[in-house]
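Next up: a single chain in structure tokens, the form predicted on its own.
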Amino acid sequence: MDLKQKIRSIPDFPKAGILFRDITTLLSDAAGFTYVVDQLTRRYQDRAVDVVAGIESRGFIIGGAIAYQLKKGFVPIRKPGKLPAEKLSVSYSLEYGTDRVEMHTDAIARGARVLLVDDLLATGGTMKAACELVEKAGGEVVECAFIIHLADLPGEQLLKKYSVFSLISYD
């Protein structure tokens, strides 16, 4: 299946000079959504994964579906101020400033093998922070999985400590 045909490209969003890869068109296409979930599930079905973690918000959609298919639990990694119980937090750098991701302290058991999922790898800062959260909780990152990799951006280099997989790449 040609996933690129199912992904909408929006120029100058969220700001001038950015070509935004919008997966909402892929998600709303039953065949495309099923294909993505099936391909990623197949990749991990015979690997030692204890739990799937998804990064807000598109990582929730894909990660939740993969966790269901693998019959594993799902852990949400959220933006600040969204989780009600005690949490771990990791800050990361943005182009201008910083941001943070959070996870409940009891979300991942010590020694758990965690598959991290998000829709797109660009600069890698959010995923790197998510990996650090998993490690802070005592978990082990199995792999960082994406639908899309923007190969001309430094995300893969920032994540060089981890195994990274994507279904498609844009140069």
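All figures in this text were calculated on a predicted structure; none of them were measured in a lab. So that there is no doubt, residue numbering starts at 1 and follows the sequence shown.
Although it is not shown, the form predicted together with another copy of the chain is what the next lines describe.
When you look in the predicted complex, the only residue of K136, H104, R113, R43 with a non-hydrogen atom within 4.5 Å of another copy of the chain is H104. Highlighted residues F20, V75 and A85: every one comes within 4.5 Å of another copy of the chain in the predicted complex, counting any heavy atom. When another copy of the chain is considered in the predicted complex, T24 lines it closely, a heavy atom lying within 4.5 Å. Residue contact with another copy of the chain in the predicted complex: I10 places a heavy atom within 4.5 Å of it. Proximity of A122 to another copy of the chain in the predicted complex falls outside the 4.5 Å heavy atom cutoff. For I61, a non-hydrogen atom is located within 4.5 Å of another copy of the chain in the predicted complex, even though that partner is not displayed. Annotation for 46-68: interface residues with another copy of the chain in the predicted complex are E56, S57, R58, F60, I61, G64, A65, A67, Y68 [heavy atom within 4.5 Å].
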